[in-house]
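Structure 1 and structure 2 below are two forms of the same protein chain, each written out on its own as structure tokens.
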Structure 1
């Protein structure tokens, strides 16, 4: 008898394509550098206002002025980047016609609408030395709104169908908040080079930066591990390149911050590295999201997995009955 030939598959391996090669999801209309800059600067502004309030409480005037000026600048440029992406200033104002608690964009617009004026008054009074009581109230107000400004953009991008953003919604606010703390701390670490800075001027900023770097790294690691294959764009392509650069800069900056306590110059260099690390992470998250929306497999495979899990759970429930 002749040996039977092995059966050959008649159906080719499935490829993750869509109808006429079109993406399953509509590609986000947000563009770079406006939106990643908006995400980064909002975090920097929010963290800087919190740092400024702490500097005032501990009598670090130089650190306080640096943080307040940085918060105002970052807040204004963040709003300008958002408006530029929207195309017309009227569109930003239209978002403030109503307050919709279920809409991250509506909540964020109102947060920015209250935060930027408060940060502006805090910065102007600190730099001019006038109306200190009004400045103290504005500083406190900006510090209260700052964490919301730093974190709401995480809810904004997670509230989309983009797989790499949506699937990471539990950890994304911690990633953004930690990143904002790291950037604000890095900014504050520059204050040691300014005239009038005391020996421990940048100490609170250093501590904030190290805490933020640890929070961002832990939350990002957990997010990548939990969402599985959907996290691939965070380590591949353009988004992966930015994320890897951010991680490397964060390690360098955090290491320098921990070891350079007696050198204002080394502290400032470490601060710049931490600011760049935060920016690289935001750009990485932005481009990774675009890549995940363009590839059908990041939408199809998780959907099939969830469907199979629900089917299995239903089958087990029926067997138990």
Structure 2
């Protein structure tokens, strides 16, 4: 047994007891870049499918083709990352043995099972120009499933005992969809630079990116503020580094997107910065979760505080009788 003092005293008592400083939780086996990449690409794909559907409805061909290609690529790579991360990749199809609402991984597997084929048909028909009616149906299908693909990964990581992930569950889906909008918006902005792009081709993408950046920042801020000491890993260490990089890139990208609409160079830099900002945030959330699982402090201190409060309330109730 060891007693130790946390580096910086926070709201609950900073002193806590542990078993030789060892973590309470077993460490997630998920690896980088597979899983943070999966979180990032799911958001990018979901946002891109929304852009693709909107582009088709408003006659923006270049944006539509870019978004569809991006959605399919992101969807395929994310599935590949998920399979690569399995301990037994050959058994991937066991994901389809059951459907369980208590397991976001199960729900997500079925979601991706519908989404990726839809995004695939949408992209292939758009790029080849064949079967436009089927393409329209697939584009609509991918747009319906896309937001789910972007958002469910928040439940995936929150439905664990990892303190920084679980405690943030109310805001995490908004961080993730905001981040996905930002990344897809950044990708869409780049389409405005392609040959054949009309004036205003990428304006919706720019708007989506700005909305997404604001949403991600606001939800993240709210989450960190609400969960207290458990949020420490989001501002410290490796996770904190990625989160800070993500914020800086988002400010750069959003600033560029808002202020320099006419400059192709600024548009290109902003678009890339917004995509990287989304990725950095996911990497930051991933590593912050690992850090919060590795330190028994984040498991013991909030639980001990909760338990003490309950004991105190019970003894008060007893005294009152």
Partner chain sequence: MSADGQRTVTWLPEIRRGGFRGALYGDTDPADLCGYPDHPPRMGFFTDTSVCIGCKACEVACKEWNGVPEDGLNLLGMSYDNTGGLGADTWRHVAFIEQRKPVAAPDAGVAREGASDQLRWLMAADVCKHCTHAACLDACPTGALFRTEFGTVVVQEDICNGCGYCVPACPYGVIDQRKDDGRAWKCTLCYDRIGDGMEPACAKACPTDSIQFGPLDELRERADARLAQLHAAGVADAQLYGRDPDDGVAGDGAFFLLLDEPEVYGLPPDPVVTTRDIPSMWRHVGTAAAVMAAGAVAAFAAATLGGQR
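Each form is matched to the other, and the largest set of C-alpha atoms that superpose within 1.5 Å is called the rigid core. The model shown is predicted, which means the values in this text are computed figures rather than measured ones. Residue numbers count along the first chain shown, from 1.
(Q) Looking for the form predicted in complex with the partner chain among these two structures; is it 1 or 2? (A) That would be structure 2, which is the form predicted in complex with the partner chain.
Q.
After superposing the rigid core, is the C-alpha displacement of residue 303 2 Å or more between structures 1 and 2?
A. No; that C-alpha moves by less than 2 Å between structures 1 and 2.
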